[in-house]
Ligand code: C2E
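One chain is shown next in structure tokens, namely the form predicted on its own.
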Amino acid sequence: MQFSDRLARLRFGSLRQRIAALYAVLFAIVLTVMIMLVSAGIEQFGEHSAQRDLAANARVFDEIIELRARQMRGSADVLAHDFGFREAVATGDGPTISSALRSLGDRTHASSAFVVDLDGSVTSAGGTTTPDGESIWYALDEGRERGMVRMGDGLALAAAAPIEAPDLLGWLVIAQPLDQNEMARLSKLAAVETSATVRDIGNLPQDLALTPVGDIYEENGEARNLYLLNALPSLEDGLSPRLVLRHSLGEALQAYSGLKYTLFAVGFAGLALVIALGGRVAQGVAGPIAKLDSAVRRFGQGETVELPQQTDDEVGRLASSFGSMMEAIEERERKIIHVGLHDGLTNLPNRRLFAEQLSQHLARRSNGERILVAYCDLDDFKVVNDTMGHPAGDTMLRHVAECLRQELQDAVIARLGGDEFAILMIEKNPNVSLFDHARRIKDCFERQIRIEGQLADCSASIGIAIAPSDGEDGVTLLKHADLALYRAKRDGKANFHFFEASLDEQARRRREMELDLRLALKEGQFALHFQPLYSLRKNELTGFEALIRWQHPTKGMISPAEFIPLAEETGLILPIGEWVIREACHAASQWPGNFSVAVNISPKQFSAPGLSSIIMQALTTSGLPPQQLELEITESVFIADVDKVLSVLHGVRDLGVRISLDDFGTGYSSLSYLRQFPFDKVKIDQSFVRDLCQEGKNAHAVIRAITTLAEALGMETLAEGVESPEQRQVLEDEGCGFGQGYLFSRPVPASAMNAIFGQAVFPARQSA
């Protein structure tokens, strides 16, 4: 039997009461169902709101951690660029380094500050916990600037700044543990109550560890906790740090209990009104509730919802409050997203947003359309900061950003950090030359900017990569543009360079050779060969020049012309040069007679502290008399500080070691250097010797002038690259005392030295 028939059989005083009762019961049933649906919708909204707040908190934490890392990097940059600190690191001055690190730690409230050397060793202020240097060396060497590291039993946020003088000496690292107390303090900055921890993924429960980054995981059980994992950058190999946020869903839903009670009150009031007013009142109550329920669901799905207030009752006020809440949440999310995707100084897009925009343009690229990506680096920006102050540098960056916005309105412009900018331009016409775009970009930077009444010159070096020819994804294009920028800087300032495939190969080979060089130094792959030096007047052997050779285990013999420049750039020339001095002294001490040994000293070795100590230790250990050691230097050592160089030269000379000036005649200031320092020997560059037998050359006069000048100053002369008896005879006739070259002997390994000693007298005149 149907429910309405049963209800009809009930006795009522009148039909009006029966109809009223029927409507009341039906309305009660409908109202009950609606309240249940709305309650479920509110709880669903509460869950979605809690998840959304948790996700928003995750972005807040990411921004706070990123901001803190940038602040730490900024503090590290200040100290890393300090001349005194760089000098202390270069000289290994431990007390000065420790004092600077303690001062930095006190100033930045960082718990640990330390220096990671190129060999992975760590120097700290003492009394502080530091990570393993070798574990973070590879990340620092790859150019990573900040990330998480292991610090004792926990994890710490670290930021690194390269120490360059001007070549890389190491990295200054500031670390701040993200322990329970620190994360609790950061949690207070969140919009909703959230607990946060930073843990390695290997230390997380299995269910939580398997949750994808950015997804929300709900814990099973009565607690009803929500978890969200965000990946944090790592500055240590083998470390996968995660930011773990926990938000209590039960406590969040508890806040909506009052709303449920309000709904029940509205329901009972509606029931009383329907008895009095009928369906009209019921409709008036049910309609707004239905709209609110729909709005809750749509908002929970991420849609933009407009919910105007239609009534002045509880439902209307609830709709108004809900609309205000949605607007506040959306506005807060917009601000957080803007801060996370834009540069605070110039308001340009940052690296993250630029990468996203680049990926979008690449995905939408049509056939024949080319995308130009320019990587720009301001020339001598450090000079502006050092001479005029960092506020002046910030002013210049804002001027440059504004100029780029005005002149390149059809481009996407971003500031990647520091003095680096990135520009994206789209060319749809395949017949248009992209050189015009490159010149437009270059012209935007080339100008004079007035800063606080002073004019500052501005220009930039620009590296350019083109899609699709240079890459079809954003990572590859930015990498290739960076390689082109490196080439542009090598070619000079205010210049642009397009990417070439050879640049990628050169970078790969350079990195591979750098790693091989470090391994060669550890495994003893280097050897010394010796080229004899002969007296042209006495026709006899007087000494040898030590020349380094690298026997690679798989690539064979590698020319010094290939690996010595790389060793100079990377700073490896210092340990390699020290090894050459020790080995040359040891080898010469085993030779019969009083033969001298000459060793080439690079400018970087000469400018590094402790050269005299290295030489003294090598002489003492080998027992070689100082007068049998000869150091060969070039004029390039005088470029930095002439007074300091002369002081070091006199110090080495006081040890009894002989000094010769190599490649004489190829520089611009040879005569002035000869006047300032009394060299023992002048080596005539082989380019002059090569021209001796060519007609129309004035090499005879040059040789005569050099030998006459050297004799007047009391110096010996030695000619390099003597390859024929004719050259030897001319050199002797022009007054040159010594010779070196293939005419006498090629460089020979130590094992073949006995054969050289067996023919100590060279019958040059007879051969001629």
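These numbers come from a predicted model, not from an experiment. From 1 onward, residues are counted along the sequence shown.
Only in words, not in the display: the form predicted in complex with the ligand, which the text now covers.
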| query | Is there any non-hydrogen atom of D662 lying within 4.5 Å of the ligand in the model of the complex? | reply | yes
| request: Please check if P560 has a heavy atom lying within 4.5 Å of any heavy atom of the ligand in the model of the complex. | output: yes
| message | Residue-level question: is G737 within 4.5 Å of the ligand in the model of the complex, judged on heavy atoms? | response | no
| said: Within 4.5 Å, heavy atoms only: does E66 come near the ligand in the model of the complex? | reply: no
| query | in the model of the complex, which of the listed residues (D53, E716, D62, E723) lies with a heavy atom within 4.5 Å of the ligand? | reply | E723
| said: Only one of V266, A401, L169, I564 gets a heavy atom within 4.5 Å of the ligand in the model of the complex. Which one? | reply: I564
| query | Picking from 430-438, 547-555, 136-144, 351-359, which part of the chain touches the ligand in the model of the complex when contact means heavy atoms within 4.5 Å? | reply | 547-555
| Can all three of G74, F381 and T387 be found with a heavy atom no more than 4.5 Å from the ligand in the model of the complex? | no
| Judged by heavy atom distances of 4.5 Å or less, which residues of 573-593 approach the ligand in the model of the complex? | I573, V580
